[in-house]
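The chain that follows stands alone, in the form predicted on its own, written as structure tokens.
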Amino acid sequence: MSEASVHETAIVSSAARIAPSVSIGPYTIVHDNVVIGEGTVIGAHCEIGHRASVRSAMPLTIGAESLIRSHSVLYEGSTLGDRLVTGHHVTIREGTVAGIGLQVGTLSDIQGDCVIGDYTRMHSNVHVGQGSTIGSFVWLFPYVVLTNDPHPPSEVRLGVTVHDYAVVATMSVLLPGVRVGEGALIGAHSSVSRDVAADSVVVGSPAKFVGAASDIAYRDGSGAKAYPWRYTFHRGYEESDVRRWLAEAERRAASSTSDT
């Protein structure tokens, strides 16, 4: 079994627990309170296990086969599942608990005390406010903001909740306490101040209901339905999940046929 590969300019605490085959790039700092899973690659100029504002007794745990790109800062006190992928200049604050396959795009920040499911994907410049809850297989596109203060500035915190398979399009803002239902679609440039029903589409500022997501067809002339997206978009997902989604699509199609 190979040993960890640490660049000569990196500073790595002897108290950190680093699995074999981990790679740590130039000028990266790894603090004491850190656990790094096997096969993880950490780029240059990262800070791993940055001390939390209130000292955490919990370590920063990074799962196996993760990729942390340059200039990212990950705080102690978070648990991040296997196959985490970050862009450059990503910040993940303390108290974040994320499942497997989380992707966080360049210049995005997760402000801590957040719960995130499996295979959620955030594009660049996404802001996730403290106390947010995000399900599995969620998409947050560039410049999406999840807020949490209903009376800024105040000590009141109402995190946003985004359920499984929901899609939030670019430059949308979700206001404090909003709940987005499973499979919902929020159109670009929307300001969402009210809860969004499952499998619905809301658009605008303020966002308004415009229809069911399942009514949207691809703009490629095929006439195929674009949502639920999991029935047609499978790149990067586990075969077991894809099989489950295809079986679900077949059952829905069969049910629709029998009802007509």
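Just so we're clear, the structure is a prediction, and the values are computed from it rather than from any experiment. Note that residue numbering follows the sequence shown and begins at 1.
Unshown form predicted in complex with another copy of the chain; subsequent notes refer to it.
Residue 132 near another copy of the chain in the predicted bound form, any heavy atom under 4.5 Å? Taking the distances in the predicted bound form, the answer for residue 132 is no, it never comes within 4.5 Å of another copy of the chain.
Is residue 115 one of the residues lying within 4.5 Å of another copy of the chain in the predicted bound form, judged by heavy atom distances? Answer no; every heavy atom of residue 115 is more than 4.5 Å from another copy of the chain in the predicted bound form.
Could you tell me if residue 127 has a non-hydrogen atom within 4.5 Å of another copy of the chain in the predicted bound form? Contact check for residue 127: yes, within 4.5 Å of another copy of the chain in the predicted bound form.
Contact flag, residue 136 vs another copy of the chain in the predicted bound form, heavy atom cut 4.5 Å: So residue 136 does not count as contacting another copy of the chain.
Tell me, out of 41, 58, 198, 44, which residue has a non-hydrogen atom within 4.5 angstroms of another copy of the chain in the predicted bound form. Among 41, 58, 198, 44, a heavy atom within 4.5 Å of another copy of the chain in the predicted bound form occurs only for 44.
Is every one of 69, 73 and 205 in contact with another copy of the chain in the predicted bound form, taking contact as a heavy atom within 4.5 Å? Yes, each of 69, 73 and 205 comes within 4.5 Å of another copy of the chain in the predicted bound form.
For the heavy atom contacts within 4.5 Å of another copy of the chain in the predicted bound form, list the residues of 226-249 involved, in sequence order. 226, 227, 229, 233, 235 sit within 4.5 Å of the partner.
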